[in-house]
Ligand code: PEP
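First comes one chain, alone, set out as structure tokens in the form predicted on its own.
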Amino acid sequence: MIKLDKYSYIFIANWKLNGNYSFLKDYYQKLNVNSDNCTIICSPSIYLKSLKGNNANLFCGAQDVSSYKEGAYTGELSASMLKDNNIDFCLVGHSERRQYFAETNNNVSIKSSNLIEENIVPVICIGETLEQKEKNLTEEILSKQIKDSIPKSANHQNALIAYEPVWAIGTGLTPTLEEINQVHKLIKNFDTRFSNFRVLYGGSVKSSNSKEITGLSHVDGCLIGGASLKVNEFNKIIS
């Protein structure tokens, strides 16, 4: 298992449904990782075997994993299969999975538990919608997601939490810096077991705002979507 505590910040590139072999080759030729930080590249599953890591500060990540360990589940990839492909991190419960593929908190918890069993770090994503935010339900929604999505086997050494307000993903909108810091503080104070968890922020992160976001006292890194597809932009974020 990766020693998460030794890194100043953690940055995750989520390529989503993008990329090809030519893109991969060019990306890694230009990628500049910072030795003090942990950088994780999460590609579509078909390219996982082609991802490059250095076992020091650059690692390979998956965007999802099956909740099943084995069996007649066509198209699924298990945690043990990811481990066989040298995957050290995996996103679980991303808002797009919750929205488009009916991912539930229980699914996320099972997947996270399976990953931890294989010594893969789950990046457990939580976040509220704009409607929920406008109804002042952020704390209630996040509390339920934390309670139901994070398995008992998770701790600050084997799991990460990513706060991604759904209304900020791919929209260009971001919460204020004060809002981001307050929500991250809320997550860490939800229960004493979460006080030492590394919590990342995701949602329209780019080089023009990443330094201010990571400079916040309760933010431990970023989960980057669209901006991570431009390697020069991503380099500026992780530098």
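Residues carry their position along the shown sequence, with the first being 1. Not measured: the values here are computed from a predicted model.
If you look for the form predicted in complex with ligand PEP, you will not find it shown, but the lines that follow are about it.
Q: Answer with one of V108, L142, I120, A168: the residue that has a non-hydrogen atom within 4.5 Å of ligand PEP in the predicted complex.
A: Of V108, L142, I120, A168, the residue with a heavy atom within 4.5 Å of ligand PEP in the predicted complex is A168.
Q: Partner absent here, but in the predicted complex, which of 31 to 39, 59 to 67, 181 to 189, 198 to 206 has residues with a heavy atom within 4.5 Å of ligand PEP?
A: The contacting stretch is 198 to 206.
Q: Does the 4.5 Å heavy atom contact test between E164 and ligand PEP in the predicted complex come out positive?
A: It does: once ligand PEP is placed as it appears in the predicted complex, E164 has a heavy atom within 4.5 Å of it.
Q: Heavy atom to heavy atom, is L223 within 4.5 Å of ligand PEP in the predicted complex?
A: Taking the distances in the predicted complex, the answer for L223 is yes, it comes within 4.5 Å of ligand PEP.
Q: I'd like to check something about H218: if you look in the predicted complex, is any of its heavy atoms closer than or equal to 4.5 Å to a heavy atom of ligand PEP?
A: No, H218 is distant from the partner.
Q: Consider K230 of the chain shown here, and say whether it contacts ligand PEP in the predicted complex, taking contact as heavy atoms within 4.5 Å.
A: Heavy-atom contact with ligand PEP at 4.5 Å: absent for K230.
Q: Residue by residue through 11 to 29, which ones have a non-hydrogen atom no more than 4.5 angstroms from ligand PEP in the predicted complex?
A: The stretch 11 to 29, when checked against ligand PEP in the predicted complex, contributes N14, K16 at the 4.5 Å heavy-atom cut-off.
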